[in-house]
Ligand code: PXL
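To begin, one chain is listed below as structure tokens, in the form predicted on its own.
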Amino acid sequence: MLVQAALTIAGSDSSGGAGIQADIKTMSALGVYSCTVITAITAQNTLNVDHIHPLDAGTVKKQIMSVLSDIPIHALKIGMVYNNEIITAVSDALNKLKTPIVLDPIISAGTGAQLLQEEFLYDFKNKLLPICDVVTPNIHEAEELSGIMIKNNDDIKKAALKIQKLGAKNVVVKGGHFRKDDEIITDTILDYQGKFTILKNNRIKIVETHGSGCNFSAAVTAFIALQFPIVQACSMASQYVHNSIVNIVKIGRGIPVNNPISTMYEQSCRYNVIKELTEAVEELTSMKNFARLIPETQSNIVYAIPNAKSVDDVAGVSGRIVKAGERSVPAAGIKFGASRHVASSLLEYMKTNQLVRSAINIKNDKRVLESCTRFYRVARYDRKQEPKTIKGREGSSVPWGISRALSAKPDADVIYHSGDIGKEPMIIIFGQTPQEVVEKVKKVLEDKNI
């Protein structure tokens, strides 16, 4: 298996949100093997940095040389360097290296602690900027590096040009800390040819996050290692970090932490959802007499990823499960977003219990309902009592009904309604997995009265 490898030179963050730990997560999530060189050990959490212990320069340099002497590195990132000794060691070790270098000018932590001693900023600029291919400052770091007070977009471009004159081939000024009332975040790229490229993302309504800068520079490094051109690598990294901020996690009492593996986790979940649902559909449609439970509007069985937010996060049978004589068959394959009504029912149920991630609709007649009532906890709602405001709002009827039923019986396995004008009576069976739902259907069919 051909693997692209990247090297990150950075500090260790004991909270796992930034530094080496964030870099490993980011590069791994993007399919790049991550080698590491630790420059400092920090004792920190989401509230503050309690202690910084820089490693001696010799140990830092030996780590770099050990990795480079054995492993082909396709891109390299420099993060926290802290003091002049470490800056010099890193510069000396990489000075003649042809591998693309991304420099993340980490001056202070999001909690305010200094991660680069102020008296060594001059050395940082003169020893590391000239050897880097990309430098990724935020607004405050761009001000420190350029000496320009940034008040508007023209100032951002002036600062980028000034930083480029100090030796950096490409400059990316991140706009997340600029004009925090703006609804759009703008990142400004100045490439080695002097061309500006503007990247835009919608601002997420959050005061601060921990690790976004490390995630961005590590993502740029990973995409460069994967042979993407620098501007494209920055654009992809910007979108990647935006997604990691959308999926932030609140693990402590302080700043929320970026979630750089959210995409990898979601993709894994989607694969498992499709796999488990496919097996359930095969078992369901091979089940003797299941066709008897299919209503006139047909059946669908659905399965949601954890923390599903919309019907696009819920997989179902495209075209539903239909009757074919005495048999039942899936009309088409399984895909996300294939169901509306059953998926909407499940999404509403998940607001009460996130562990319940699967559901199926079956016909509601007297014998089927009696069987469900005999075996399971059953709740109901009356569509005739649905408010006109709900009826008049597209897609609101199902969530209203499920919510109403669960308010009376929050642990219901089965929820049904008796129909309304133009609305077929329906039963929905819920479970934590499709297999659990199938087992519940099987139990209903084993009832001699069906």
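Worth saying up front: this structure is predicted, and the values here are computed from it rather than measured. Start at 1 with the first residue shown and count on from there.
Just so it is clear, the following notes concern the form predicted together with the named molecule, a form of the same protein that is not shown.
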Residue 44, heavy atom within 4.5 angstroms of the named molecule in the predicted complex: yes
Exercise: residue 210 in contact with the named molecule in the predicted complex, heavy atom 4.5 Å: yes
The named molecule contact at residue 106 in the predicted complex, heavy atom, 4.5 Å: yes
Contact of residue 163 with the named molecule in the predicted complex (heavy atom, 4.5 Å): no
Interface residue in the predicted complex among 220, 214, 241, 346, criterion: non-hydrogen atom within 4.5 angstroms of the named molecule: 214
Contacting member of 362, 115, 273, 189, with respect to the named molecule in the predicted complex [4.5 Å, heavy atom]: 115
Any residue of 62-88 that, in the predicted complex, places a heavy atom within 4.5 Å of the named molecule: 80
